[in-house]
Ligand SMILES: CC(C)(COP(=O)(O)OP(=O)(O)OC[C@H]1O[C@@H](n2cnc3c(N)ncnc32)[C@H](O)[C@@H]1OP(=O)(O)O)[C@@H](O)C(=O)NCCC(=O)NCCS
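Consider the single chain below, provided in structure tokens and representing the form predicted alone.
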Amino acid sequence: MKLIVPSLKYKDSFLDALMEFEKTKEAGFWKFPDETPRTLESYIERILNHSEGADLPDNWVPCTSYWLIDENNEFVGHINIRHRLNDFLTNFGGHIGYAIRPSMRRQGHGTQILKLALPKAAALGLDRILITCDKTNTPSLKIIEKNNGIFENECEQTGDLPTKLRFWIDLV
């Protein structure tokens, strides 16, 4: 397993995973609040720009994205490392967000993607990271705990959204 900068080399596998995500009706990391790119090329260009702080939707912060690729060169998942926090991220989103493609869940890939991302976050100058998950998301809770996440508190969300659990992971 390896984390790579998003690349067209994995286009077919990424698009297969995207179809899996779409079937689950989950909110997707591939969508943006202003305009979702129409091609994989423009999507990759946009997320690479985000790592430089360019082409960000309103209220977004710079973030670096990586793809988890397995030994068969298959796209397994995606992870974002946000360079800093704003008010929303402090309460609900954290420094890191990740997603494992549905067909590859419950195989330890979530734990692995977070483990591999922690040194990348440290290389961005972060001493510790905030990571959150829905209180109802037991698999994500376990991933965070396996990566030494220390529970801080819960944050209630508005409407029918589940409570967020907030954890810190020290990187130094």
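Please read these numbers as outputs of a predicted model, since none were measured by experiment. A residue's number is simply how far along the shown sequence it sits, counting from 1.
We do not show the form predicted together with the named molecule, though everything after this point is about it.
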The stretch from 40 to 48, 53 to 61, 119 to 127, 104 to 112 that lies within 4.5 Å of the named molecule in the predicted bound form, judged by heavy atoms, is 104 to 112
Distance check, residue 143 to the named molecule in the predicted bound form, heavy atom within 4.5 Å: yes
At the 4.5 Å heavy atom threshold, is residue 133 in contact with the named molecule in the predicted bound form? yes
Taking the named molecule as it sits in the predicted bound form, is residue 98 near enough to touch it, meaning that at least one heavy atom pair lies within 4.5 angstroms? yes
So, residue 65 and the named molecule: in the predicted bound form, are they within 4.5 Å at any heavy atom pair? no
